[in-house]
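The chain below stands alone, shown as structure tokens; this is the form predicted on its own.
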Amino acid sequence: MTSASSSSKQTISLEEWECKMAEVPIAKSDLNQLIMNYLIIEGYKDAAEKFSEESGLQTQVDLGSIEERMQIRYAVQSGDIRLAIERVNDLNPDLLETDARLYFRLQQQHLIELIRQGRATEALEFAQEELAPHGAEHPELLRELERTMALLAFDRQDSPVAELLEFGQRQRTANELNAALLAAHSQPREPKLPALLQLLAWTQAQLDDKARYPRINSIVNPVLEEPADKT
């Protein structure tokens, strides 16, 4: 059954595929906008400035604000949450006042950093004074607080919530804060390019059942490869 299904697939050569692709109009300006969108949102300030100069693409975004966002992101990634909050308040004084969940996330991350440093007494006091009131108002946040406090009950290697102490937790907090800062300045929260790459992977997976065709097998080396021979 599999063999019959495989033999019925249409085979499209690389030459045919490239001819079809050439018929699809893609404006260079659209590609430039896609690249600039990625550079700005991911915080590549120098690359964005150079690309703007080389492509002639003008953007309404203040490229200087990228550096401020990246300093905040780096502070979170380094575990210096106090500094991150201070810089957020300098950049956008209303953000943390109006987004209780985001503020809780930052305070939660600060609690995690206290526990990481072995400052258990200070962590308990901070949780009771700063985080518990948020949990009383928002039950879903209380569950997050309880999960974080569980770090004090186990050795790291035995903890069921040990992932909170991994770098990935800092990265998630930094990404959430970065997205909120972008949204507050009427910018997209996420770059478009990763979503397009996911769409490419999904589309190829769907097409694999119907045809043998030139496909991109590696995003790192995005080259169209000849369709596999019939087996």
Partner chain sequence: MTSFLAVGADRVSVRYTGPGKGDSDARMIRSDHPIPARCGVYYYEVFIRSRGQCGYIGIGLSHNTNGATRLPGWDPGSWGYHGDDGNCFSGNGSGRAYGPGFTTDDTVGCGIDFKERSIFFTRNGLFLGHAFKSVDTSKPIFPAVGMRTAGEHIVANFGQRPFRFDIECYVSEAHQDALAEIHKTSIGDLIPKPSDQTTPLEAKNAAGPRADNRAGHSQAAARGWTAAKPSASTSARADIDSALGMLQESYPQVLKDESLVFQLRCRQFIELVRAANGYHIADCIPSDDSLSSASSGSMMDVDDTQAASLMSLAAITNAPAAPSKTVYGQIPNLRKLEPARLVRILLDYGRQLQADYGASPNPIVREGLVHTFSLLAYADPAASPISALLDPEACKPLARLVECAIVATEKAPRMSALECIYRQCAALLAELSSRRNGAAALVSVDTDFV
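In this text the structure is predicted, and so the values were computed from the model without any measurement. Residue numbers count along the first chain shown, from 1. We call the rigid core the largest set of C-alpha positions that still match within 1.5 Å between the two forms.
Not pictured, yet referred to below: the form predicted in complex with the partner chain.
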{"query": "Non-hydrogen atom contact Q198 with the partner chain in the predicted complex at 4.5 angstroms", "finding": "yes"}
{"query": "Non-hydrogen atom contact R172 with the partner chain in the predicted complex at 4.5 angstroms", "finding": "no"}
{"query": "Partner proximity in the predicted complex: A47 to the partner chain, non-hydrogen atom cutoff 4.5 Å", "finding": "no"}
{"query": "4.5 angstroms heavy atom contact with the partner chain in the predicted complex for Q206", "finding": "yes"}
{"query": "The partner chain in the predicted complex - contacting residues of 205-223, heavy atom within 4.5 Å", "finding": "Q206, L207, K210, A211, Y213, P214, R215, I216, N217, S218, I219, V220, N221, P222"}
{"query": "Core-aligned C-alpha movement of Q204 between the shown form and the other one reaching 2 Å", "finding": "yes"}
{"query": "Is_shifted M21 between the shown form and the other one (CA, 2 Å cut-off, rigid core)", "finding": "no"}
